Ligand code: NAD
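A single chain, nothing else alongside it, follows as C-alpha cells in the form predicted on its own.
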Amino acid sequence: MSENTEYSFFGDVCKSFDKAAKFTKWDKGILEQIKACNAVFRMRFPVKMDDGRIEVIEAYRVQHSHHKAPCKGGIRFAAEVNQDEVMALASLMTYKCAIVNVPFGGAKGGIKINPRKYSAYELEKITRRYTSELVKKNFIGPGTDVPAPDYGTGEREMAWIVDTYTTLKPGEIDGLGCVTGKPITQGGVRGRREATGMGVFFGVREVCSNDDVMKNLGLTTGILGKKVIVQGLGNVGYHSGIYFQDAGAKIVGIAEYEGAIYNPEGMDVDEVFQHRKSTGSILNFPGAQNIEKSTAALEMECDILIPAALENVINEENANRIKAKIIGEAANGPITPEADEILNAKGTLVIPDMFLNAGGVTVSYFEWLKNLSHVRYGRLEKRFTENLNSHILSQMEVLSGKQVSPSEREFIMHGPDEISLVHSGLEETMISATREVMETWKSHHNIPDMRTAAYVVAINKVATSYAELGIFP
C-alpha cells in the first residue's frame, strides 16, 4: 500500500468479500446489495463536562444489513472511531451472525472519545445522550437495532442505555431487549462476560481436533501441550487464555500495550492478571522475559497465536516473521488482506474473526431471547431434571448394589442452570459453525483459505434470505 493511499478497513472487508464472491452463484446485483451498508447515522451532540465547558461529541451507528431484524452490534468508545471503521465492523457483524445462525442483521456503533479521559459522570451523560439520539431516529429497539458492549464499554454503559431507552419508551414490555451485555440485575444473562473468549477456545479446539488439518501443519491433534501466545489481556484475551490453559496448553507469551512477557515454560494467566492489577503492568512478571515492544510478541515461537486486541496488528510488514502455525483471530480484523496472502503462502492457518469471535453475539442472542421470554434459563426445568436424575440414580444403585462416588453423584444429579445452558449453547454454536466453514473449504478445492470459506458461507446464507423474502426474483 503506498503512503499516499488512505487506508480503509471497510475497503479491506469488501476485498475479502469480493475474493469469496467468485466462489458463489449469486447475481452481481445481489452481491452488491449484501456488501453495501444500508443505513449510516453520523451524529454530533453537545455535552456539558464536569468543569462547565461544552464538548461536541462525534458518534456513529451503522446498520449494515436488514435481511434479518433486528440489527445487532456493539458500541465502542475509542479516540480512533471513524465512519469507515464502524461500517467495516457492522458488515463483519452481518457475516458473523449468518455463519453462526443467529437471526440478526449486522450493525455497529462508536463514540469518538478516549473513555480514560472522562469521569464516570461525564461518560454517563455522553452514553445517555447518544442513546436518546438513537431513539429519536429509531436506531435502537428490541425489534429494530440491539447494541452491545465493545472496546471501551461494558455492563455499566449498557445499564445506562437500557435505563435511558425504557425511560423514553414507557410501557414497552420488551424494553429490556433493546440492548445486551447488561448486568444480571437489569436483564443480563449469566455467561456473557466470558462468552467471546470461550467461543474463541471452542473454535480453535474444533480445528485442532481435525487430524488432516493438524497433520498438514505438522502438529499433533488436540490442545494439550500446545504453546500459545495471547495479545491483549482484556476480557477476550484473558478468558481465551484461561480456557486454553485449563485445556492443557502452555501460555508462553502475553502482550499488552505497555509491552509483552515471554516464558517458553509457560505462565499462569490468572497470576499475570493479578500481577498487572497490583503493579499496573504485565512487565517484570516473575520468571518471564520482558519484551519492550508489544507487537514483537506476535513474532515469538509458538504453535497458536491469539491476537485479541485491535485491528491490523499483523500486516505486510511483519507477516513474514510470524512463527505461529495457527492464528485464531479473537479481535476484529487483526490481519490485513496483504498479510493474509503472505501467511497463506507460507502455510499458516488463519481461523478468521468473522466467526471465531462470535461467542459474544451468540450469547447476546440468548440474552435477547431471555428478555423477550421474560423468564430465566433453567427456571422451569432445573428442579425437575435434578429430581428425575436422583430417582434414576437411586434405582441404578438399588439394582446394581453399588454406590457412585460423591463427585459423580453431584455431576449426574446436576440440573441445568442458566450458565451451564448458555455455555452448552455456545459450544454447540461454535462447533457447528467451525465444521460448516471447514467443510465448505474442503469441498471447494479452489477456495484458498478459511477466511474465504467463511465469507462464502455467509454470502450464501444472506443471499438466500434475500431471495426467500422475494426481494430479488
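In this text the structure is predicted, and so the values were computed from the model without any measurement. Throughout, rigid core stands for the largest set of C-alpha atoms superposing within 1.5 Å between the two forms. From 1 onward, residues are counted along the sequence shown.
Although it is not shown, the form predicted in complex with nicotinamide-adenine-dinucleotide (NAD) is what the next lines describe.
Visitor: Consider the chain as shown here, without its partner, and state which of Tyr243, Tyr262, Tyr151, Tyr165 has a heavy atom within 4.5 Å of nicotinamide-adenine-dinucleotide (NAD) in the predicted bound form.
Guide: Among Tyr243, Tyr262, Tyr151, Tyr165, a heavy atom within 4.5 Å of nicotinamide-adenine-dinucleotide (NAD) in the predicted bound form occurs only for Tyr151.
Visitor: Of the options Arg276, Lys250, Arg190, Lys370, which one has a non-hydrogen atom that comes within 4.5 Å of nicotinamide-adenine-dinucleotide (NAD) in the predicted bound form?
Guide: Exactly one residue meets the criterion: Arg276.
Visitor: Since only the chain is shown here, I'm wondering whether Asn332 would be in contact with nicotinamide-adenine-dinucleotide (NAD) in the predicted bound form (any heavy atom pair within 4.5 Å).
Guide: Judged by the heavy-atom cut-off of 4.5 Å, Asn332 is in contact with nicotinamide-adenine-dinucleotide (NAD) in the predicted bound form.
Visitor: Although the partner isn't part of this model, could you tell me whether Thr385 comes within 4.5 Å of nicotinamide-adenine-dinucleotide (NAD) in the predicted bound form, counting any heavy atom of the residue?
Guide: Thr385: no contact with nicotinamide-adenine-dinucleotide (NAD) in the predicted bound form.
Visitor: According to a 4.5 angstroms non-hydrogen atom cut-off, is Gly234 in contact with nicotinamide-adenine-dinucleotide (NAD) in the predicted bound form?
Guide: Yes, contact at 4.5 Å.
Visitor: Applying a 4.5 Å heavy atom distance criterion, does Tyr257 contact nicotinamide-adenine-dinucleotide (NAD) in the predicted bound form?
Guide: Close contact exists here: in the predicted bound form, Tyr257 approaches nicotinamide-adenine-dinucleotide (NAD) to within 4.5 Å, heavy atoms only.
Visitor: Can you check 136 to 144, 172 to 180, 304 to 312, 211 to 219 and let me know which stretch has heavy atoms within 4.5 Å of nicotinamide-adenine-dinucleotide (NAD) in the predicted bound form?
Guide: Partner-contacting stretch among the options: 304 to 312.
Visitor: So which residues in 194 to 227, when you check nicotinamide-adenine-dinucleotide (NAD) in the predicted bound form, have a heavy atom no farther than 4.5 Å from it?
Guide: Contacting residue: only Thr196.
Visitor: Lys250: CA shift of at least 2 Å between the shown form and the other one after core fit?
Guide: Lys250: C-alpha displaced by less than 2 Å between the shown form and the other one.
Visitor: Once everything's superposed on the core, is Arg76 shifted 2 Å or more at the Cα between the shown form and the other one?
Guide: It does shift by 2 Å or more.
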